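Shown next as structure tokens: one chain only, the form predicted on its own.
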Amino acid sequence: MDLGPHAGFIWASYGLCLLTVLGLIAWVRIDKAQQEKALKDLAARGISRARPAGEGKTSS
């Protein structure tokens, strides 16, 4: 495969794109772990994400 005189630029672009995607994947996984830890800490303190019975319901 001959990329011509722009081969360096093309390979650098692919490399930068790959690093960006891998960085975003790592960021999402790290953030997910932090959010799960925060939710477990809140649950351990008795704070839940569930709404109390009757709250949020609208009467028609």
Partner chain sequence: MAIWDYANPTRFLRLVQVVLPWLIGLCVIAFAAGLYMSFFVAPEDYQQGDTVRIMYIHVPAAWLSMMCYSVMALSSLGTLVWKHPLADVSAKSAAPIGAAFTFMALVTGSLWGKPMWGTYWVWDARLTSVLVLFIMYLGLMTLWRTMEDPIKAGKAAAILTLVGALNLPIIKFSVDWWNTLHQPASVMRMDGPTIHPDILWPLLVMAIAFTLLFFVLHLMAMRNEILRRRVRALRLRAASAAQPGTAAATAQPAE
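Positions refer to the first chain, counted from 1. In this text, all values refer to a predicted model and were calculated from it rather than measured experimentally.
What follows is about the form predicted together with its partner chain, which we do not show.
In the model of the complex, does Val21 come within 4.5 Å of its partner chain, counting heavy atoms only? Val21: yes, in contact with its partner chain in the model of the complex.
At the 4.5 Å heavy atom threshold, is Ala44 in contact with its partner chain in the model of the complex? The answer is no: Ala44 has no heavy atom within 4.5 Å of its partner chain.
So which residues in 1-20, when you check its partner chain in the model of the complex, have a heavy atom no farther than 4.5 Å from it? Contacts from 1-20: Met1, Asp2, Leu3, Gly4, His6, Phe9, Ile10, Trp11, Ala12, Ser13, Tyr14, Leu16, Cys17, Thr20.
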